[in-house]
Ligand SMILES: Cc1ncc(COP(=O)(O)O)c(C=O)c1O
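Only one chain is included here, represented as structure tokens and corresponding to the form predicted alone.
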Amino acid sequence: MQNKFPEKLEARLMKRNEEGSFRTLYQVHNLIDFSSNDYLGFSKSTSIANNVKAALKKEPPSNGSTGSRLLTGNFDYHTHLEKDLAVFFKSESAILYNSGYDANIGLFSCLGQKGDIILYDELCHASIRDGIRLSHAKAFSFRHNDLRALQKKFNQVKKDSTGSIYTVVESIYSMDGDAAPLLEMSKFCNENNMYFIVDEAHATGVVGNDGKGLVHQLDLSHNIFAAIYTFGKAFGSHGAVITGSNKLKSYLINFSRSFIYTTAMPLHQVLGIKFALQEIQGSTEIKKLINNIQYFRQQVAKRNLQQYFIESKSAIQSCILSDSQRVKTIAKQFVHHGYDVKPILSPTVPLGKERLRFCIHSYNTKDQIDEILELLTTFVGNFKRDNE
């Protein structure tokens, strides 16, 4: 029986294969990184690693936290880090989660009650949408980064609400790399008594003073009901934190299932976040990253490649090529030349919006940026000629 596989599941796999979007796991070795979320190179930081090792030597041996935070897994190192993160992100309170996915699932699944409405940007991350689906609220998407679309949707649904209305956006979007109009949206939410929630995953450690994110850069902390910051990207670690009021933290401790029913972060993970937090304050890596992003955009324009790229000032630069096979072929050609650039296919992005996603890092060199864009120019040109 264990060798038998359900026919419906087999059909789904076959369809994915036929569509050219079948996913597999593979390892990358010795390639120049234009793919990872390790924007500042902190995942390979010797100073962070050495600080973690030194701190572990001062503590009793600890391979795991032994239980959930509500049982045996709550330690001083959790609460101290939460206090430090609340101060850093200019928030009243903060609560740790084991991952960004856990944070979004845990937050949105328990927020929405019967009679509530959640409005969310159509390009919000899968973890946000999955959490919303688990809630008891009605949910409606609105056109990406479109304030008028949000206003129109609000006016259409507000009469159906007998409770709270939440609006959810990302500050920097993971596939397009563009920024949400937070100033305008937060103003609209406040004027209409909506609760505004911002996922700062791809702005954490990248945008604003010391990488505090777009909310902090725009001085909007007082207008935000909740913000989600993750540590698996620019912080080079793992885990996430939700910031907000003390009441929000108490509510999540009592009702957020992905917080309540999971083993707490182990000590080494907490220390990784702690020392990354220390490292990022005053770090020159953020400035290096910003310079590389600007240089990349300049070189895109110099090679007349703007028509393929989504407008973005972030570390995520997406090149739309609108064909799964084309995108995969070019990605393989990059690997042949020693570069790691990932193809992003449907259903991760809409059909016809398949792309190469270039992730820029503080440690990329100008020579590498020049070469990878010269290669892109050649590959795109070859495809054009082959299809004429």
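The model shown is predicted, which means the values in this text are computed figures rather than measured ones. Numbering starts at 1 and follows the sequence shown.
Another form exists, predicted together with this ligand; not displayed. Remarks below refer to it.
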Counting only heavy atoms and a 4.5 Å cutoff, which of 287-295, 92-100, 138-146, 179-187 contacts this ligand in the predicted complex? 92-100
Does Pro266 make contact with this ligand in the predicted complex, using a 4.5 Å heavy atom cut-off? no
Within a 4.5 Å heavy atom cut-off, is Ala201 in contact with this ligand in the predicted complex? yes
Please determine whether Ser283 contacts this ligand in the predicted complex, using a 4.5 Å cut-off between heavy atoms. no
Is Asn104 one of the residues lying within 4.5 Å of this ligand in the predicted complex, judged by heavy atom distances? yes
Identify which of Ser258, Ser109, Gln317, Ser127 has a heavy atom within 4.5 Å of this ligand in the predicted complex; exactly one of them does. Ser127
For the stretch 225-252, I need every residue with any heavy atom inside 4.5 Å of this ligand in the predicted complex, listed N to C. Thr230, Lys233, Gly239
